[in-house]
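Single chain ahead, by itself, as structure tokens, in the form predicted on its own.
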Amino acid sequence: MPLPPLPLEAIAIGVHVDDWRGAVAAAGDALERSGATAPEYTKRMIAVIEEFGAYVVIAPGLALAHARPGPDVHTEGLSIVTLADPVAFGHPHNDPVSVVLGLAVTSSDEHVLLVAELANVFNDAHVIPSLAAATDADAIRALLGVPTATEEPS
């Protein structure tokens, strides 16, 4: 399953936040701007981390913010936020985080498939620091191998 398109509205570069909640909220706001989710989804992403901890920090410098499928997910979506200054999520090995991906899915099966696809992208150790340093949406899309909303997947 290819990653979903990454429209410009789903990308935020050099965002200033105070803490991990702000970082997750920025990823949720980007999902909402892209039309993938309603505002309640962002609250659920934060609640998941409050309940289960920083397991969303899946690699050094990278968090994959998400919540279970629900009525606040309109369509599958991906967002990416790069942070002006890294923030701690409380992970013992992978903090601080400089890149936050937001993921919204409409089914548990989609979740498994999209996480597997993202894992393939991040097998390249250079992707996370390159994303953190990216200065435009096209560079981010190229690193993730995703089309814009108007492009066909390759």
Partner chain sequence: MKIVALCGVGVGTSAILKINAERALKRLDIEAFVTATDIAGVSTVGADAQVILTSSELVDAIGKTNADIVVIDNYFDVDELTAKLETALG
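In this text the structure is predicted, and so the values were computed from the model without any measurement. Residue numbers count along the first chain shown, from 1.
FYI, the form predicted together with its partner chain isn't displayed, but the following is about it.
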*Does the 4.5 Å heavy atom contact test between Ala59 and its partner chain in the model of the complex come out positive?*
yes
*Taking 4.5 angstroms as the cut-off for heavy atoms, does Ala67 touch its partner chain in the model of the complex?*
yes
*Do Val87 and its partner chain come within 4.5 Å of each other in the model of the complex, heavy atoms counted?*
no
*Classify Pro39 as contacting or not contacting its partner chain in the model of the complex by the rule of any non-hydrogen atom within 4.5 angstroms, answering yes or no.*
no
*Report whether all of Lys43, Thr75 and Leu83 sit within 4.5 Å of its partner chain in the model of the complex, measuring from non-hydrogen atoms.*
no
_Residue by residue through 114 to 137, which ones have a non-hydrogen atom no more than 4.5 angstroms from its partner chain in the model of the complex?_
Val115, Ala116, Leu118, Ala119, Asn120, Phe122, Asn123
